[in-house]
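Shown below, as structure tokens, is a lone chain in the form predicted alone; questions about how it binds or moves come after it.
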């Protein structure tokens, strides 16, 4: 078998890419009136010009049962199409590909809602403190339809595929987690029943967009739940294999929640922290596996590509600080990413590297980071 290399043109998850380094979904926080803004276009232009092989957008909302945080793009109706088309055209013009992540936040909300909040079961969300109302089966059917309609809009706007967000404590991750899914109907009780909503969403998107339209998913390899009641690696592998049998085109392996033993974005002392789980999955399925988390060194990435069946890696924070990082590495300047993994880039006024902020903004961001750490983050 020919050894994979990082910088080669290849087909991954139904999409031809120029290299195997992707931008993982990163909340931009800069949408204007729930639509694509010029600031967002600039961010994506920089990434595409920096030769990122494929870009996964920050999550886009769409559901009438969801509450959208500040600066989020919402796929509401055809009025969104013009801005979405500008985004895909900008990325394609510079030779990169783009997949949009679609998500429902569920009860993991950053600000107080003004109506009912829904979840798989009536279990308090440890991040927001909200007790959600359990979805009825009829509401689940409606949500599945909404996922399909959002994918149709994405395809119409020129996105190369869609990624379902099934990780990090949002709604679909809560359905997968025994800590939050206490249902006794067809949507809970076993790992496969917990995943039924996602299997139905996958089927709906393929039905509406065509079986060849790429549908990817981001999954937690583990929730790292504080009392180990959440999704674990064994259940993750079982669910991922079931998705692979049912037509998913690629699986991005992540982990953690905002209140778990580990957050999705760990400190710099952690490297390639989902590698073991991704390797196990890649050995068991033919669907491409994408690894995210703690990847800041091109030598490590090259080694993963050469020595494992993992198809690609994805990064977030290193590309916030250095959107031209991939181009730099490809040109032979192989020093590690400048990102120090401080998490200061997650700013309420829009994602930006902490070191680009002014003094007052830095002080405010330090208070935000202090608050997040108080929620029980271990890394």
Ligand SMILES: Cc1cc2nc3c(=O)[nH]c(=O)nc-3n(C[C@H](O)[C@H](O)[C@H](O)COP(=O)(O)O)c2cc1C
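Keep in mind that what you see is a predicted model, and the values were worked out from it rather than measured. Residue numbers count along the first chain shown, from 1.
Beyond the structure shown, there is the form predicted in complex with this ligand, which is absent from this document and is the topic of what follows.
- Contact check for 17, 156 and 215: none of the three has a heavy atom within 4.5 Å of this ligand in the predicted complex.
- The partner is absent here, but in the predicted complex a heavy atom of 168, alone among 183, 262, 168, 196, sits within 4.5 Å of this ligand.
- Put simply, of 254, 100, 257, 107 only one has a heavy atom within 4.5 Å of this ligand in the predicted complex, and it is 254.
- Contact between residue 36 and this ligand in the predicted complex is not found at the 4.5 Å heavy atom cutoff.
- Using a 4.5 Å cutoff between non-hydrogen atoms, residue 345 counts as a contact of this ligand in the predicted complex.
- Looking at residue 250, you'd find every heavy atom of it more than 4.5 angstroms from this ligand in the predicted complex.
- In the predicted complex, this ligand sits beyond 4.5 Å of every heavy atom of residue 135.
- With the partner left out here, this ligand still marks one of 327-335, 346-354, 45-53, 62-70 in the predicted complex; by a 4.5 Å heavy atom cut-off that stretch is 346-354.
- With contact defined as any non-hydrogen atom lying within 4.5 angstroms of this ligand in the predicted complex, the stretch 29-51 contains no contacting residue.
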